[in-house]
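Below you'll find only one chain, the form predicted alone, shown as structure tokens.
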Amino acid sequence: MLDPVYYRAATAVQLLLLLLIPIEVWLASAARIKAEYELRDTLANVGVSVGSIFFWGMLGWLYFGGVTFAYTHRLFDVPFTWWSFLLAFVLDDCRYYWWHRISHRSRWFWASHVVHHSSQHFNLSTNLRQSWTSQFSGLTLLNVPLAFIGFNPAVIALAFTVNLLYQFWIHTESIDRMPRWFEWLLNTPSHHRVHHASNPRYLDANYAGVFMIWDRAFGSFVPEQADEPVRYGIVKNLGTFNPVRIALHEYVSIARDLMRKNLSWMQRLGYFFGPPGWSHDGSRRTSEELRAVEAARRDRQPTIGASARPA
């Protein structure tokens, strides 16, 4: 287990980061930076965060239990050193990328993750809007391989914590662009604004936690475009600030779809594990379909413009 000093240090850093929220609010109110806050939305973020902390405490044993069990059956003994932490940090970031990508591509996992995307605002308080069911979803199993290889659970927990702390500052509109090398290598507010967008061309992109190399390598990187401002939220926004509805609405929608009459078992599995937006009758659209429609619309625009010019 980690030394109590670690927990105290991690808690202190988290509290310091939380202090940035009122600072961002103050600077925005003074027109010093770009940041949009709505009181009901911010209070909803806080309410969802309280629930997330509670359920992490209730269900955290699923994460720690799986990692500890794998470590007791480890293949090797990786020492607890600075280089093992750096290696674990990179590997854990790759793990986070695939956790994040799966969370967007399968509805069961999206039901947990959609909570974080449900705000129509993008500011530092958005980071507080976290899932209540992340441990329950089953994707905690992706944390097991590092422990099975032989990385100490303390190293894994530290890498996981630093990764999440890094992501706090990228939830902002107050920073336009970082230096070019930084934008190429690391996740930034610009890249993460794209990730939180509901614009069809931006859907399901930029899954990285820290290193953008994963998105660039696996074909999911999309840059923020100056000619298309980001619209935040989800494809069908909730229209509520109720923390319970925010946290559980997609599970309710899944249950309703599963209770439809005259569905085959394959169709029911599609509503459960298929991509968000999938429907057996084509009445809804997945992100791929929405992107295809938007791409076709953009492709037609030059032709229409050219034909409208006078001879």
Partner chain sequence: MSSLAIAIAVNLVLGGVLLALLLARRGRDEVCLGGASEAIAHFRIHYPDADGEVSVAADGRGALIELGGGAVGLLERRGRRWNARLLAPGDVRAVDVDGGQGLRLRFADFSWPRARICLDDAEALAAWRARLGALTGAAARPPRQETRHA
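Positions refer to the first chain, counted from 1. Since this is a predicted model, take the numbers as computed values, not measurements.
Just so you know, the form predicted together with its partner chain exists too; it's not on screen, but the next bit is about it.
Shown alone, this chain has one stretch from 229-237, 174-182, 137-145, 85-93 that lies within 4.5 Å of its partner chain in the model of the complex by heavy atoms: 229-237. A heavy atom within 4.5 Å of its partner chain in the model of the complex is found for one listed residue only; from 220, 120, 163, 190, this is 120.
Exactly one listed residue, out of 169, 241, 211, 108, brings a non-hydrogen atom to within 4.5 Å of its partner chain in the model of the complex: 241. Proximity of residue 65 to its partner chain in the model of the complex falls outside the 4.5 Å heavy atom cutoff. Its partner chain in the model of the complex comes within 4.5 Å of no heavy atom belonging to residue 262. Residue 57 belongs to the set of residues with a heavy atom inside 4.5 Å of its partner chain in the model of the complex. Residue contact check for residue 245: one or more of its heavy atoms lie within 4.5 Å of its partner chain in the model of the complex.
Taking its partner chain as it sits in the model of the complex, the stretch 40-63 comes within 4.5 angstroms of it through a non-hydrogen atom at 40, 42, 43, 46, 49, 50, 53, 54, 57, 58.
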